[in-house]
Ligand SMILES: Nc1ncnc2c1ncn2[C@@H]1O[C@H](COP(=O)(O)OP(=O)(O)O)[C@@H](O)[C@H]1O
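As a starting point, one isolated chain is supplied in structure tokens, in the form predicted on its own.
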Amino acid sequence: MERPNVLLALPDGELAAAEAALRRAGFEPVRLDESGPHVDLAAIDCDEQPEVAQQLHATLHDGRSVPTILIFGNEPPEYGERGDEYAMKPCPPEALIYRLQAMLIRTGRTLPGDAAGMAAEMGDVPMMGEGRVISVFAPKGGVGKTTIAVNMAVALREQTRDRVLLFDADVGVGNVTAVLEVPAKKGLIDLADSPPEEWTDLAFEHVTAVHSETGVRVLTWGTDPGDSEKITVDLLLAALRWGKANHAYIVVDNHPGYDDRTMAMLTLATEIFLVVTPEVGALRNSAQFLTLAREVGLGDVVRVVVNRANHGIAVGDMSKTLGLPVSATVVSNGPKAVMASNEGHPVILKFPKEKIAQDLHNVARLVTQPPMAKVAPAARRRVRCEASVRLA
């Protein structure tokens, strides 16, 4: 099978790792100083040498259109063209591969690695597994993100009976085991002092707990905020890679911020469930996140979930303000949610007949039973409308 050639214009310190990862995934990396090979795709660091990056981009789009990933730190370059994508730093090798694979699919190309002979080259741990990653995210704390992540994982397990991993990546703050009672287990912190070659399947299995009532598997980062700095992006990515290779669904509870670890998790998500509550502060922060998501090429994988939807700003007004439809709503039921959390039981199991439990199941059905595509959808993102809610 022919390997797609990928031109890499990256800093010297990142080039070797990216080349090795791309080869394992079935791509053929090409350096700037190599001449001859036809270029199918390109990845350009726009910050290292801005003028060189812009000139290279112009060359790649002179009389042709080479799909290009433009990697930036703070502000995206202004010279991007149709078919290009933006990736905000950090863009680790796994994230780069994911984006390149998506670009191939959109251009009608076959993904590298489909041939049987490629399996041996990929090694024992494939760069990208088959599991579906659902990242639950909110740019503001206190909106019920963890409760939704935990109940979604349990609902996915109930609806599919597949292997489900609940991955607590809210490093330094969150701990899903405060909502879902599992046997005392270790976490990623117990692997943090080990070299990467010891981050094996067996090692991750050893630090993973199982919720006995449902069979949901739970992997936490740890419990002591003082250990948070030891949890690196590389360790989180290795855990996610293991999760994808060994589970049908991975529900990631993310940190409510934009640090390197969170951005890496979001970049590798199959879908991002943005949790919003009907209040101005949460809505403003969510609108800011959506702007960023669109700039870095993640806008198409975001789904809006409104929690406590029966109080505050109307759902229709929220949708207009965010520029996205609301995919699901969850009613407020504070007393029962708190009671379930305090006991370590998911709401959907403790109060299965309540409206909140039905709503949480519907959130999971966005994954297990995706709606049929509508005919001739409106081009919503090109239309400016007056926001129904003041955000300033």
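Only a predicted model underlies this, so the values are computations on that prediction, with no experimental measurement involved. All residue numbers refer to positions in the sequence shown, first residue = 1.
There is another form of this protein, the form predicted in complex with the named molecule, and it is not shown here; the text below is about that form.
Student: Since exactly one of 338, 58, 52, 32 fits, which has a heavy atom within 4.5 Å of the named molecule in the model of the complex?
Tutor: Comparing distances to the named molecule in the model of the complex, the residue within 4.5 Å is 338.
Student: Consider the chain as shown here, without its partner, and state which of 208, 321, 146, 262 has a heavy atom within 4.5 Å of the named molecule in the model of the complex.
Tutor: By the 4.5 Å criterion, the partner-contacting residue is 146.
Student: Although the partner isn't part of this model, could you tell me whether residue 327 comes within 4.5 Å of the named molecule in the model of the complex, counting any heavy atom of the residue?
Tutor: No, residue 327 sits far enough from the named molecule in the model of the complex that none of its heavy atoms falls within 4.5 Å.
Student: Hey, in the model of the complex, is residue 142 touching the named molecule, heavy atoms inside 4.5 Å?
Tutor: Because a heavy atom of residue 142 falls inside 4.5 Å of the named molecule in the model of the complex, the answer is yes.
Student: Even though the named molecule is not shown here, does residue 349 get within 4.5 Å of it in the model of the complex, heavy atoms only?
Tutor: Contact with the named molecule, no.
Student: How about residue 303: is it within 4.5 Å of the named molecule in the model of the complex, going by heavy atoms?
Tutor: Judged by the heavy-atom cut-off of 4.5 Å, residue 303 is well away from the named molecule in the model of the complex.
Student: Given a 4.5 Å cut-off on heavy atoms, tell me which of 22-30, 38-46, 65-73, 330-338 is the interface stretch with the named molecule in the model of the complex.
Tutor: Stretch 330-338 is the one.
Student: With the named molecule taken in the model of the complex, which residues across 304-319 come within 4.5 angstroms through any non-hydrogen atom?
Tutor: Going through 304-319 in order - heavy atoms within 4.5 Å of the named molecule in the model of the complex - the hits are 307, 308.
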